[in-house]
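Take a look at this single chain, the form predicted alone, given in structure tokens.
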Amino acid sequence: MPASFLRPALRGFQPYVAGQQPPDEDGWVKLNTNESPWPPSERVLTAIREAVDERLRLYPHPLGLVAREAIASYHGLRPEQVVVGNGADDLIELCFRAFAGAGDRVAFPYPTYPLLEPLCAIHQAIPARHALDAEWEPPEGFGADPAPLKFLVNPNSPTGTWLDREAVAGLVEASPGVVVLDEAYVDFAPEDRLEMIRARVPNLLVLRTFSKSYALAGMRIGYALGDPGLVEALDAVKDVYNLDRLAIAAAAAAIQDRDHHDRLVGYVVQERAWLADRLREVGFEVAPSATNFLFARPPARHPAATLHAALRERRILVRHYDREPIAGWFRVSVGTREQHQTLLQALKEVMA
């Protein structure tokens, strides 16, 4: 479409660019988009198969009620404290619709999830970036920012770092507007902040996804937890049917299969430590991680762009950053041991 037809605010717009997605089963070692190294629970696959019947001619429940009820039950909440969406990205966008209008500030640390920047442009909000400090933590002034909408990804991506309860609670308490705590990776961290939802903190929303620790990135299921007033606001602005019948069935089955979830998380945490040690052995600087990926920087004598290109030639994908303050860093998803050994062997060959 010719640029002349775009809204003036979107001319020169830079959209979010997802990590490379090569064709499925095409021989790539894919460690660039933080997907699960394991398949979904068999209970989930069974639930999806059972949902594929003549009922697909009917619209799903507009609130995804079966999924909401299952999620609420698991977390010890009421269904009116839960809203579901087409991945956590859908819920982030709903927060913009509900809480930040044109000309409003939207505050977030930097670097963090890069979807926030283009959403500010789409909604004509003013991005208020707060640079992370040397320890990859938000600066003191972040909590006091008067923005009506504020995002904190914890654990953060791409740095993998995690803030404890005191830090998060202080930030929420200091914030006059809505704080969206994105816990997409929290199952791989020491603990979550759901006790603040149970305590009915009025300006806090917690986001979760089924993409990482439930191995359902392809289903696009996310949910938010919060005060019923905040949930009602998101419901008011969401698309009518933002979760289809198969996704609703998958979400309910996934959150009820704790054994599969816990085994997957345990594997990732253990394998994360193994891979971090191996990367350090070949000279990488590796930041502490509370996620299903590692944030790592190669030795100075091996430029990251050169390494990244050499790995890609060998059909190995990792995420490479070329913008400050994280230029020269990689984000490496935790995959299978076989994938890691392939990566390490390729690094040794290239760096020799």
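Quick note: we count residues from 1 along the sequence shown, nothing fancier. Computed from a predicted model, the values in this text were never measured in an experiment.
One more form of this protein exists, namely the form predicted in complex with a small molecule; it is left out here, but the text below deals with it.
In plain terms, the part of the chain that comes close to the small molecule in the predicted complex, with a heavy atom within 4.5 Å, is 214-222 out of 193-201, 163-171, 263-271, 214-222. Contact annotation: of the candidates I92, A252, L275, L230, the single residue with a non-hydrogen atom within 4.5 angstroms of the small molecule in the predicted complex is I92.
Residue-level contacts in the predicted complex: of T159, T209, Q81, N242, one residue has a heavy atom within 4.5 Å of the small molecule, and it is T209. In the predicted complex, Y113 approaches the small molecule with a heavy atom inside 4.5 Å. Within 4.5 Å of any heavy atom of the small molecule in the predicted complex lies no heavy atom of P138.
The closest heavy atom approach of F108 to the small molecule in the predicted complex falls outside 4.5 Å. Residue contact with the small molecule in the predicted complex: A184 places a heavy atom within 4.5 Å of it.
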